[in-house]
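A lone chain, given as structure tokens: the form predicted on its own.
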């Protein structure tokens, strides 16, 4: 029987999406059912229809980026609402080569609470959100990452035994222990802005005007520093920029991530 593969992801810069789609392709599905929770309208739809969002899906691939060693709050909010109904699930987090913290553990823990049948889980590496400041994991996921994601999909397809929460690793550090999210907000240059509105359409928080400015001061506080607007701006009117002191501190904190390439790590239960 042909299985219906679904892909649920939060992916402001499409990095997590690439990994999840590669996993689905490994499962033999070129056109999976897409559930994109990146933008606020669809997240609202998920929350409003928690019992029907995964209907007719046999295996769900769930992916999220890692922010400060944790899952983005927007992802946690969505996952709290969706009913699993024992759907076979593959849980994935994508981090910028520093560390995945408690993100994968938090994801799987919430999925278990909502009765998802998590049979495989994995951590993958994507280009860091601030490559213009600290060039970490540039170009990732690369061909090697995508190949490993596809292989992971092949391995995940026919697994039936459920993982336990004890199977999911945690990397405790100052970032993952803190409830705060360290955010660098994009710098806006109105002189370069052509008011095309692309940044506003891509913002996962829905806090930008077509002019490139924040809706208001309160909206600016909601910025999660994902740099989606920076990635899509055709004129570099929005950029990631910090002063020299912060740049030095970031290089110290992210020193190991700059020097050593980390590889995907997957957890697969016995078939």
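Residue numbers count along the first chain shown, from 1. Keep in mind that what you see is a predicted model, and the values were worked out from it rather than measured.
Another form exists, predicted in complex with a small molecule; not displayed. Remarks below refer to it.
Student: Quick check on residue 152: any heavy atom within 4.5 Å of the small molecule in the model of the complex?
Tutor: Contact check for residue 152: no, nothing within 4.5 Å of the small molecule in the model of the complex.
Student: How about residue 67: is it within 4.5 Å of the small molecule in the model of the complex, going by heavy atoms?
Tutor: Flag for residue 67 set to yes.
Student: Is residue 99 close to the small molecule in the model of the complex, meaning a heavy atom pair under 4.5 Å apart or at it?
Tutor: Contact with the small molecule, yes.
Student: Within a 4.5 Å heavy atom cut-off, is residue 127 in contact with the small molecule in the model of the complex?
Tutor: Residue 127: yes, in contact with the small molecule in the model of the complex.
Student: Check, residue by residue, if 11, 94 and 224 all come within 4.5 Å of the small molecule in the model of the complex, counting heavy atoms only.
Tutor: Contact check passed for all of 11, 94 and 224.
Student: Residues in which of 80-88, 191-199, 129-137, 106-114 have heavy atoms within 4.5 Å of the small molecule in the model of the complex?
Tutor: Stretch with heavy atoms near the partner: 129-137.
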